[in-house]
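There is one chain below, alone, in C-alpha cells, taken in the form predicted alone.
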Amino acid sequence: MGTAGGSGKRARGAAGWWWSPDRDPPETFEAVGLLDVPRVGPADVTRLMARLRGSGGTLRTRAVRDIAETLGRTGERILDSELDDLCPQVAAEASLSEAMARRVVVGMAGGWTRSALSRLLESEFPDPGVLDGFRQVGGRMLHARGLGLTLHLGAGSVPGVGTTSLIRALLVKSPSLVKPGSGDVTLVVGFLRLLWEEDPELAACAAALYWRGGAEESRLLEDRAFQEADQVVVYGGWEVTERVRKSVPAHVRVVSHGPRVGVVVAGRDTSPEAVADAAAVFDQRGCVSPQVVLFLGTMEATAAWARRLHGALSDVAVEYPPGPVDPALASRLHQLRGALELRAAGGEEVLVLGGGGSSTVVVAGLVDVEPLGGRTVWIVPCRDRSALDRGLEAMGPVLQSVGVDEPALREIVAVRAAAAGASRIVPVRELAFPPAEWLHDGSRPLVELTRWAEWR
C-alpha cells in the first residue's frame, strides 16, 4: 500500500498514516516495524486536529442516513474488491496466517456494510433523525450530538478495531483522529483511502496517524493530541486505560474498552469443533474469543471432552494456521506445562494437552486460570450449578461474551452471566463476530459517544 502525497525521503513499508492527499501531506517518514510513519511533532498534530475540528460543521449538515450509506458502501468495497490486496498486508502486520487474516477481515467488515449500519442506527435510536436535529420521541423533543472531536487510541494487534471505532464516531457526526494499534493500521488506512474515493467531503472529517502509544519519543505528540480532543476512545489493557485517564485534561471524556475474556459454558454434548473454531479466531486475541470453558461434569468427563477439543483445535489449525508464536508466550507455556505435569504426577487433577504446536488445552481449577492467548483454552471442571455460578462470578471483572449452545442451559446461564458482568450470551458459533448493534462492554456503542439535548 503506497503512500499518497508527500515528498522527500520515505521508508519502504506499509503506510502508517492517512489524511486527505490535498491537505498538508507529510514530508519525511521513518520506519516503525513494517510501517512508514511520518515524522511529525506536537505542532503538526495541532494543525491536523484543528483541520478535523473545522470539518465538524460540514459533518453536521449531512443526514445521518446519507453518512451511513456512504460508510456502508466503503465497507462493502473491502468485501467485494479489496480483500486480495488487504489481507496479505493485514497478515504480515498482525502476525496472522493469511487464511486467518482473510477470515478476520471478512468477519469485521461484515459489520461495516449498509445493512449492518442501518441496523445499528435503528437499534440505538427510535428515530435516527435525532442525530440530524430535534425530533419528537415519546412526547419529547430530543437531539443527540457527537461530542466534538474524537481521538481513537488502539492498542494491540486485533485488526478492524480502529475502523469500527471510527465508523461509530462518524455516524454520530464526530470528526476523528485514529491512532491504530500496531496490528490494525492497514485496515484503518485502507478504509479511509476508499472513503476518499467514495466521498472526499466525508473522508476529510477523519485522519489516521500511528505512533508508539506510551513511548517516551511519542509523549509530547500524544499529550498534544489529548489536549486537542473533546473525547478519547481507548482500547487496550488496564495500564493503557489508566495512563490515558491520568494524561487527558479533566474536561475530556474518556470512553474505555479494556481487556475482556470470552467464556464458554459447556457440557458433554457441546460441540468441541464449535469451541475450537471460536477460540482460533484472531488467534485468540479478541475479547470475543473464548479462553475459558466452564465444563459441567466430572473430572473424567471433562478430561475426555478436553481431548476432543484438542483434536478439534489441531483440525482448525490445518484450515486456519496460527501465526508466529510470541517468544514470551512460548516460554510461559513451557513453564506452565512443566509445573502442571509435576502437579499431575503428584496426584492433582490437572491435565495439559499440547503446548508446543498450534494449540494448548489445560484442565485445572479456576484458581489456576491464566488467560494467555495463542489458542490456549483453559477448561475448569464444574461438578454442579453452584460451581458454575462461582466460576462466572470469579470471571466477572473481565467477562465479555458467554457462549452456550444448549437453549435450556442458555436460559439458565443468561441471568447468572449477566449478573456476573457478561454483556452477551449467545450460541458458541456466534461468539467470534458480533453484529454491529451488539452491546459493546454492556453499552450502546453509538449512544455512549453522544450528548443529548431536550427542547421544551
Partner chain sequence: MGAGPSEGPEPGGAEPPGQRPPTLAVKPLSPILDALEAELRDRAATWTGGSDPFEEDDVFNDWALRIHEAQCQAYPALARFWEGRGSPRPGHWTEIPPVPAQAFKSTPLGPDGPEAVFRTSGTTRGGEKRGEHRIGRLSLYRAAARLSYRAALLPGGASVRLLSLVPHPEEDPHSSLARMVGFIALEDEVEEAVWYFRSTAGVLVEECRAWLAEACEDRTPVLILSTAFALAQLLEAMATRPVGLPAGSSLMETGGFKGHAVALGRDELYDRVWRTLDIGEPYIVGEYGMTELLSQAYDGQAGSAGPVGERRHHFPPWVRTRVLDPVSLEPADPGTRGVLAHFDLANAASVSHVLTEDLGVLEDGGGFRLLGRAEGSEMRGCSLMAESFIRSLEGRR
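Model, not experiment: these values are computed from the prediction. Numbering follows the first chain given and starts at 1.
The next section is about a form of this same protein that is not shown, the form predicted in complex with the partner chain.
Taken together, the three residues Ser95, Leu372 and Val398 all lie with some non-hydrogen atom within 4.5 angstroms of the partner chain in the model of the complex. Think of it this way: in the model of the complex, the partner chain has a heavy atom of just one of Glu393, Glu430, Glu406, Asp44 within 4.5 Å, and the residue is Glu393.
For the candidate set Glu273, Glu341, Glu201, Glu76, a heavy atom within 4.5 Å of the partner chain in the model of the complex is found for exactly one residue, namely Glu341.
For Ala278, no non-hydrogen atom is located within 4.5 Å of the partner chain in the model of the complex, even though that partner is not displayed. Using a 4.5 angstroms limit between non-hydrogen atoms, Ala250 is distant from the partner chain in the model of the complex. In the model of the complex, Ala328 approaches the partner chain with a heavy atom inside 4.5 Å. Of the heavy atoms in Ser81, none are within 4.5 Å of the partner chain in the model of the complex. Partner proximity in the model of the complex, defined as non-hydrogen atoms within 4.5 angstroms of the partner chain, places exactly one of 264-272, 345-353, 297-305, 67-75 at the interface: 345-353. For the partner-free chain shown, Gln284, Arg285, Gly286, Cys287, Gln291 of 281-313 come within 4.5 angstroms of the partner chain in the model of the complex, judged by any non-hydrogen atom.
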